[in-house]
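For this one, two forms of the same chain are given in structure tokens, first as structure 1 and then as structure 2.
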Structure 1
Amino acid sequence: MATVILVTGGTGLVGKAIQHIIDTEPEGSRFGKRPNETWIFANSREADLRDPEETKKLFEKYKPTHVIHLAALVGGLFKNMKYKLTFLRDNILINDNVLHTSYKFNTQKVISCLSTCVFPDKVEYPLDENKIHSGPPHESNFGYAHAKRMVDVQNHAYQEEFGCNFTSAIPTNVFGPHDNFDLEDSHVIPGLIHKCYLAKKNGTPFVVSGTGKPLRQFIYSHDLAKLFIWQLREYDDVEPVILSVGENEEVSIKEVADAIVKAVGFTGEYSFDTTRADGQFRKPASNAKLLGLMGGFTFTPFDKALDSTVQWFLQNYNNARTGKTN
């Protein structure tokens, strides 16, 4: 039977990675394209998903049988701190339109993308799929976190009232080619790659925000893409799955900055601006459910993935999403 997979947010970091895997893995393999599949990678120019009519037109055009819903207002710590209401509202609108339109069009399956930011700030670690609603999220991103958490509530309600096959994925911090490398609004890895590149080019200091002590779990976008494809084909349950490296693979922001300095080949002055926020100290998540279901998965080593990302950035500087550079 023909399968049409609509990837909302298909032109961003994660969407481009899914497209890369679909284009490069051997056809018919576990993560490769299947002969009966058509993949559609949509962006906001094709349909602004905050708008119900534009969402409906997108579904009318492609008639997706499956949706991987990635589209979201996305940003790192500092952007989340600045625009809490906008993160809350835009993401509520996008998610409500995508889920309700999927229901109306009898879409067979929807996987929506959450984030480990949705989890409570004060909770026993490691995070697992049962702890999403056990307390308030960290205040730095409560707008984004509440909007995203609500998707899990919606998924359960759509299943219980209408029998919809809606579920969600919970990735940790993601990085890779095609990320947003803006200096201020991006996540830590692309932001620091860009800052380190400019420091090397201009002979200026490389300044990392915060103390460098917080810990994060990073997943390479190409690995995450394979996990989404697995979830699309092999997982049918409303409960979310954390898509992550192991909880013992936390990396400090200082270790991230050191690895970037090495990959960029920067030898100048390097410091921490401790007047800037650290955000949540850590949020280690367990991938036991994922690995149990998949029967194992080999993640790309962090340094190798970081090096590929830096090389991609250097080779694509003129076309990358870099925001303002002055």
Structure 2
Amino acid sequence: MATVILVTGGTGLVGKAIQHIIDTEPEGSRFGKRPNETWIFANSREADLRDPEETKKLFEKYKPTHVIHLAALVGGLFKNMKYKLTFLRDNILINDNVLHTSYKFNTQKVISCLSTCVFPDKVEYPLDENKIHSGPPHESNFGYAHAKRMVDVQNHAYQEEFGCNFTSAIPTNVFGPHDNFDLEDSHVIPGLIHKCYLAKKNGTPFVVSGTGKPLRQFIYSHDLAKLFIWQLREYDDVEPVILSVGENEEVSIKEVADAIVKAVGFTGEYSFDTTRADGQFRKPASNAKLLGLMGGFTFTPFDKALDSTVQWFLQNYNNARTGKTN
């Protein structure tokens, strides 16, 4: 029986990483491509998933047996705060169309990608899979967060009413090749890599916003890709799984900046602008459920993963998503 896996948002950071793993892992291995498997990496040019008709045509074209649903309207803090309704509405439409079309086409399994921002703003740490709905999300991105939360609600409803095998994954902060390095609208690692690159190129100081003290769990996109492939093949429960390094793998923003300076080969002036806000100090998430189910997993060491991301950026600067540069 042929298996067709449709990856929505297939040309983004995580989609590209899944494609890389499928292309490079030994065929038939735990994370490698299997015989009779076809992988389709679709992007927004192929179908506007906010539109039910375009979503239907995409499914008619590929007839997927499985879906990894990564497509979303995403943005940095500023965009999330400014366009709350757009983030809420567009993501609700995308998710509803993908899930309902999957149900109509008798898709065997769907994994949707959530985000740790679905968790309540005021919550006891570490975060775990049982705390998603135990309070409102942070005010700054409540539109996006509620839309992503609703996927978990829909997964349960589709399972209870129709017996669908729909589940979700909750990654922590992802980074790697093919990330969005736009200075205005990127996450912390790609933003700092781009900033440091420009400081080296222009002979200007490298200034990092904040004190550098906050802690985050970062997962390398190639590791996350393997975990998605594992979840697709080996996990059949509606309850979400946090895909993350362990709580003991938290890295400070200063450690991130130090590693970037080293990887870029920056030797100029380097400082922290402590007048800028730090954001949450830490928001650790537990990966105990994941490791209990998988029986262990070897994560790429942070420095090695960061170095390979920087090298990719330097080699692909002209084609990378960089936005405007000075």
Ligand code: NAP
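Remember, it's a predicted structure, so these values are computed and weren't measured experimentally. The term rigid core refers to the most C-alpha atoms you can superpose between the two forms while keeping them within 1.5 Å. Structure 1's sequence is the ruler for residue numbers, which start at 1.
Task: Form predicted together with this ligand - structure 1 or 2 - done: It is the first structure (the form predicted together with this ligand) rather than the second.
Open item on the list: Superposing on the rigid core, I want to see if residue 272 changes position between structures 1 and 2 - specifically a Cα shift of 2 Å or more.
Closed with: True for residue 272: a C-alpha shift of 2 Å or more.
Open item on the list: Tell me whether residue 209 is among the residues that move between structures 1 and 2 (Cα shift of 2 angstroms or more, core superposed).
Closed with: Shift of 2 Å or more: yes.
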